[in-house]
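Read the single chain below, which is given as structure tokens and is the form predicted alone.
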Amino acid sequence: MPPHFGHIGSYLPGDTFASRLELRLTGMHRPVRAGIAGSQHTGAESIVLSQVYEDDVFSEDEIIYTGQGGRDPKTGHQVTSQVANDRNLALMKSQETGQPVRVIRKVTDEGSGAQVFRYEGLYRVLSYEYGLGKSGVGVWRFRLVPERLAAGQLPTA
């Protein structure tokens, strides 16, 4: 299946999904485990903020998204430096092309108290950098802003 950039079907920001499997089945985010969907050749289609990377920051006007890799699956802490792997390169490619990235975030559902995945909308990767994270090892940090705020800040084709 070719990559799809932008909204999927009739899903709108604020829509929730019960699991990573549901995200995959709907096409919102294809990988069941990885937080970045895409490749270094086409760019990132979607990302998931799962509250597992200590350097991630989410606000209404900006996301600082930590790249993939280097995390101990048991403790959640960064234990080794990240590298420019295919998934991290996908986000770099998105910054280059200006293609939108679907952002999904793991949140607590206010009604049920269950953990769900909420579609936050389309974002643009404005920049990225490599530096030491909170655990003292190298991490990639990607700055994304909602599409509505990205006008005038995108690369020209």
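What you are looking at is a predicted structure, and each value in this text was computed from that prediction instead of being measured. Residue numbers here begin at 1 and follow the sequence given.
Beyond the structure shown, there is the form predicted together with the DNA, which is absent from this document and is the topic of what follows.
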Check your understanding: Taking 4.5 angstroms as the cut-off for heavy atoms, does T26 touch the DNA in the model of the complex?
Key -> no
Review point. Would K106 count as touching the DNA in the model of the complex under a 4.5 Å heavy atom rule?
Key: yes
**Study point:** 4.5 Å heavy atom contact, S19 and the DNA in the model of the complex
**Key:** yes
Practice item. Give a yes/no on whether S127 approaches the DNA to within 4.5 Å in the model of the complex, heavy atoms considered. Key: no
Check your understanding: From first to last in sequence, which residues of 45 to 66 have any non-hydrogen atom within 4.5 angstroms of the DNA in the model of the complex?
Key -> V48, L49, S50, Q51, V52, Y53, D56, Y65, T66
